[in-house]
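Next up, structure tokens for two forms of one chain, structure 1 and then structure 2.
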Structure 1
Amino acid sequence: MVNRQPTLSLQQRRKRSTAVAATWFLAPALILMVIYIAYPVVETFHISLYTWNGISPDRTFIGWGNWETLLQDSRFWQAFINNIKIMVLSILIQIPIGFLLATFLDADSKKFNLFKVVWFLPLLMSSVAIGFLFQYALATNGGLISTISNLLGGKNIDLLGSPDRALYTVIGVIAWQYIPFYMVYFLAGYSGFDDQIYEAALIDGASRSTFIKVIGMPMMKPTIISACIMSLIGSLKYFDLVFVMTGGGPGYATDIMATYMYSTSFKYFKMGYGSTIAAGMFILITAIAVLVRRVLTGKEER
């Protein structure tokens, strides 16, 4: 090395020292991600080929057995469909309402500060807390909705106990939790606008609604698209809230991939099959994420 160094040009040496520095700077992040993300993902696929209770040292290799079971496991596919329902409805509910709230606040955020603070509150609670809170607040006897219904002369309403309504109730609660996030996200998007655009529109005599339709929406398009992608990936990964609030029940009505994976692995200790569910989840989510990103960014370019 010492002998070769003088033969290197200054530029080459610079390049090399940059590469060395880059390696050092990137090393901690890469090491941590290999330990906690890359290796576990590979290992999950590996364990999916065994039957294993997670405790005893011996596990039995069964090849594709678990995967064949998974393909025919109606509970898994039901859970996947529930994930998809949550995904579609989350986007349809959260993004428009978040957008409207942000648009309202953007009109005069100083005056509307009280609105902003209160609207933001749900985001500060943990999913676990929200799950328990709504378990009580939506109880059939003495819950908020039932009480309001009684005041209006109606009967008690069973929301979380009814297989038909439970999933939609869950979707409603998720919306309650995450709308503030998209609100702030869009608010941040609005604040990136140049004030001159508003002034120009004002001089041209645009009303606020025309402004939003003609200038606001198109300019917010990249923000809206990335919000959709976030919401989409987020809904495929949901766990805490559903796990706490319904545990996937009643029956399997609100079961999603993550809760099914968790109960299989850590309640019934079928870690082999649990890993298969997790790996299946990985494949499905990655496929959807890649597909949607391609479709959305493709559109954006045109």
Structure 2
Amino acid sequence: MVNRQPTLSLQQRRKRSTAVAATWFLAPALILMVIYIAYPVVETFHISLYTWNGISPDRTFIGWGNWETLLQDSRFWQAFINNIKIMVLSILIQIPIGFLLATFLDADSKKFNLFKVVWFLPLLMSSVAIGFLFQYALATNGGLISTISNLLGGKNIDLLGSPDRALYTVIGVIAWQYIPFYMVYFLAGYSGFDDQIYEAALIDGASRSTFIKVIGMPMMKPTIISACIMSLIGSLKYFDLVFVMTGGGPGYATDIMATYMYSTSFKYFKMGYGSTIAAGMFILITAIAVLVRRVLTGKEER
């Protein structure tokens, strides 16, 4: 009796070769993600169970002690509230202004090319450079705002040194830097529109503002939702610009979770508790992002 090996069909061979090729192409990216994303996250949760200064090879296991401290840490929760303020105001400022600028530029893309370049410049600068720039521009003595106030007969204006105004000043600078990103993002959304839709609306007697309100915004809804989620996630993990401008001060008025984690880990060398703060950030950011996405997606489906 002759043993007959089962033969693979052409479709099965193609699927197998595609799977093999995909595995080889994806392997480097997956390995890098495991090394630089998955492993640090797991190790952060692991270190949070210890008391460690980050230098000594000896670590003391304390179990959930750091987490119990975190739950009662008023400074951490105040930093979290500051992050929430940045998140809400970033969405309320960046998304509408970015949408309006994109709508303005989309009206005549060739005529407004200069505006595209000028308005995009803040995004080309590093956050550290912007932080130093505004730190000097908003200085109480000799700063741009104080100088203008003095020329008009007023007094020096202390924006970054006032606990009541510092956080909102920082939020304004953040919005100034990132509005161009959402402007370009919405411009990309407009580029997907079919010109025939706009022409048909004009034939029906609709003005451009009516077209944007009745047709454009509903069609841009998925893009707007994606922009809101990106702004939300980004605002919960800000660090560099806030750290350069205020360092979390005055007092803890502009302290956010990332600056608190940095100072705890690398200024006071409490690496175990700093890892707990970082792990807490990871949990809170993930939970908020998932919750908001479900809410927005649920509304869109209904």
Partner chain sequence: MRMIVKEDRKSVVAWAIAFVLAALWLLIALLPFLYMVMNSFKGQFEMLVSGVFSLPEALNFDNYVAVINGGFLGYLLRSIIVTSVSLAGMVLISAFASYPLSRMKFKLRGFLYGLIIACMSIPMHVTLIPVFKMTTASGLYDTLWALPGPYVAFAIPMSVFILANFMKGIPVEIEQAAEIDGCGKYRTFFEIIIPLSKAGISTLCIYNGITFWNEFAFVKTLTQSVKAQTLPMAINNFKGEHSVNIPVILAVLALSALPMIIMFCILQDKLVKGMTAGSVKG
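Between two forms, the rigid core is defined as the largest C-alpha subset superposing within 1.5 Å. The structure displayed is predicted, hence computed values, not measured ones. Here, a residue number simply tells you its place in the sequence of structure 1, counted from 1.
Between the two isolated copies of the chain, the second is the form predicted alone. With the core held fixed, the Cα of Val20 is displaced between structure 1 and structure 2 by 2 Å or more.
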